[in-house]
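Given next, in C-alpha cells, is a single chain: the form predicted alone.
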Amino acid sequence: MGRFVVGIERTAHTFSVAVASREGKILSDVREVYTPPEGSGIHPYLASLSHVKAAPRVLRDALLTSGVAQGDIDAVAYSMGPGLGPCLRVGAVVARTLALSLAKPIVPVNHAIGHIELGCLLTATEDPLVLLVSGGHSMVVAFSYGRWRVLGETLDLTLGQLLDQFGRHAGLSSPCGMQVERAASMSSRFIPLPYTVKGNDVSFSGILTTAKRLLDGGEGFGDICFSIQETAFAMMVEVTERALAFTGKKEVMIVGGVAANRRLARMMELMTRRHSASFHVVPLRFSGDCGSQIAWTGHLAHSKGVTTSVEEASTRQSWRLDQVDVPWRE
C-alpha cells in the first residue's frame, strides 16, 4: 500500500518536484528557477522553455532523493492553476506522463491553497487567519463552510508585483523582493506615498506610479524602498487586523513569497500580539513556490477522493481559491 504523493509545481518561474508522506514529512523538494534578464519580468514562453529543459533532471533527482519506491506512491499531484499558461501546461504534461508510467491517479491542486496548507503543516496551525502575499496573490483568507473565504484582497497589483515592478524599473531582475528589502534596511527616511485602503481591500498602483516618478526624479533608491515597504505593509496589516477582529481567530499566519520579508513579519507580529493571538510565518525555504505545497495538499485532497483522469488533467490560468471545495477540512 502506498504512502507517498509526488507534487509538481510550475505556475511561474519555479519548476519543482517534491515527495511528501501521508504523515506530513517532506522527503525531497528539488527546484529549478528561471531567471529573466536584468530589468525584465517573467516571460511566460521563455519560462516554459526553461521548465521543459529542467523537467527530466528535477523529476529524477526528486524521486531519487526521496528514496521512495515507485510502488509506494499513492498519486501524482500537480498545480492546475492559477498561473502562467505556458508554464502550467508544461507541468500538466509532466504530471500526465508520470501518472501514466506509474499507473497512479492524478490530483489537481490550487496553487494558492497549496501555500496555505503547507504553511499550516509546517507551523502546526489548525484554524488560522491567513495573509497570503506573493507575486500572484495578496489576500486575507479564513476557512469557513467548506472553503477558504477571502476577507480582503488587492484590487490591482499584488504585493509581489509592486516590489518586482518597482525593482525592474530600477534595473533589477525579477524577483526583486529580497533586493528591495535589503535596500530598505539601509534607510530610515520616509517619503509619503499613496495609502489606499477601500473597505477591507487595498490598491498598490498609486504607490508604484509615485515611486517610479520619485526614482526618475532623483530620490534615493533605498529611501523609496523603505517608504514602499512601510506604506504597503501597513496597508496589509490594517486589513488583516480588521479581519482578525471580525473573525476572532486565535492564530495568524503569513504564507507566500513575500512572507520571507522580515519587516512585514515584524509588523504583523506586533499587530497580532495586541489581539492575544499566536503568530506564525511559513519557514523561509518554503515561502516561495515549491513542489512541497503541491505534494502535501495533493495528499490531503487524495485522502478525500479528489482525483481526475488523464484526459481531464487540464490547466486553469484563473482559478480563485474561494472557488475550490476543501473536503479535508470539513
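Just count from 1 along the sequence shown to find any residue number. If you're wondering where the values come from, they're calculated on a predicted model, not measured in any experiment.
Another form exists, predicted in complex with adenosine monophosphate (AMP); not displayed. Remarks below refer to it.
Comparing 94-102, 216-224, 185-193, 249-257 against adenosine monophosphate (AMP) in the predicted complex, the single stretch with non-hydrogen atoms within 4.5 angstroms of it is 249-257.
With the partner removed from view, the residue among 66, 48, 261, 272 that has a non-hydrogen atom within 4.5 Å of adenosine monophosphate (AMP) in the predicted complex turns out to be 261. Here is the short version: of 108, 86, 82, 160, the single residue with a heavy atom within 4.5 Å of adenosine monophosphate (AMP) in the predicted complex is 160. For residue 176, a non-hydrogen atom is located within 4.5 Å of adenosine monophosphate (AMP) in the predicted complex, even though that partner is not displayed. In the predicted complex, adenosine monophosphate (AMP) stays beyond 4.5 Å of every heavy atom belonging to residue 28. Proximity of residue 138 to adenosine monophosphate (AMP) in the predicted complex: non-hydrogen atoms within 4.5 Å are absent; the residue sits far from the partner. Looking at residue 181, you'd find a heavy atom of it within 4.5 angstroms of adenosine monophosphate (AMP) in the predicted complex. Although adenosine monophosphate (AMP) is not shown here, in the predicted complex the stretch 272-303 places heavy atoms of 287, 288, 289 within 4.5 Å of it, in sequence order.
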